[in-house]
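As structure tokens, one chain now follows by itself in the form predicted alone.
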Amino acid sequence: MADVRWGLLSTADINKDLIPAIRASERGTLVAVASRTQETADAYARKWEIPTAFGSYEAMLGSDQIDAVYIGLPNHLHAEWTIKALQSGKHVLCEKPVALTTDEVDSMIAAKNKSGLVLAEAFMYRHHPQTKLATQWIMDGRLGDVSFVRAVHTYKMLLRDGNIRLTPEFGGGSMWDVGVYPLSFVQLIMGGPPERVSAEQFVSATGVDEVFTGQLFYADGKLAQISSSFINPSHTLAEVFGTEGRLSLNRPFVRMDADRQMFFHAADGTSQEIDVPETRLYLGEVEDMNAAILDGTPSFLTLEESRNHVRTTVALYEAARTGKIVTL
């Protein structure tokens, strides 16, 4: 195929970030959108100037007009529709978290292996030059021996009535929604999941965690702390502490490239700003999918990493629920 023909499976709000990314990609074309009703799909297609509208998800998956789908459904539907899409012959880019249990992830991986198609988790920040620069600095040893990582992602949820992020059975909660970003960053820097975790959470009347904080314990005394919230003003931060200095990222997980900064604070007290190229935040994950589909290039974010995102998140929730340290 010359280009990857993309379809949006749902009219989720997150699509507004994927639509310009697909259109900006060199080898991707946005072809269609699917909703649960034809009326909704038609209206959405008109608004975003998408050529084809399907009145059901099944109709899109059964169409030969589509090569790959982006799944931005609520968290509890990720596994079900990813598996259906793969079984229908469609490559899948699934919004984070890829699933809510490791059993679901394993079923998704099995469907992917059986189909021979591409499956990847949509963690857009992983593909951004800032993240790649940070990991390169650490790999080059410029921070010395990394011993501690701290990462935060919070925002104040203003529209609350009917919000799926406040529904427990839909995989709601601040940790599943935005806490997985700090968790993913920690596991990237530390090279994988921790040995054990502890956690605390504030569960509101909605039944989900509106504030969550966790501590991750690694071998050789290495530690990490993560935090997420629905009730505090928008804030993201990631810091990596090494024996030779500290790396700080002021906007590691969100858009607004013009305000994105990264600094290295050396052991001698000097500081250096590291130039971060301005790149569309969601473009990298689309380009990575296009390359995997068209060239057979391995996905930059592996399914093993995605499984570990889910595995550690589940352990953190168990630690917060029981008040005990949980060993992975």
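All figures in this text were calculated on a predicted structure; none of them were measured in a lab. Heads up: residue numbers just count along the shown sequence, starting at 1.
The same protein also exists as the form predicted together with a small molecule; that form is not shown, yet it is the one meant from here on.
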The listed residue (Gly172, Gly242, Pro252, Gly72) that reaches within 4.5 Å of the small molecule in the predicted complex by any heavy atom is Gly72
Using a 4.5 Å cut on heavy atoms, which of Ile109, Val203, Leu237, Ile164 is close to the small molecule in the predicted complex? Ile164
If you check in the predicted complex, is Tyr181 within 4.5 Å of the small molecule, heavy atoms only? yes
With a 4.5 Å heavy atom cut-off, would you call Val314 a contact of the small molecule in the predicted complex? no
Heavy atom to heavy atom, is Ala122 within 4.5 Å of the small molecule in the predicted complex? yes
Give a yes/no on whether Thr11 approaches the small molecule to within 4.5 Å in the predicted complex, heavy atoms considered. yes
Option from 292 to 300, 58 to 66, 34 to 42, 259 to 267 whose residues, in the predicted complex, bring a heavy atom within 4.5 Å of the small molecule: 34 to 42
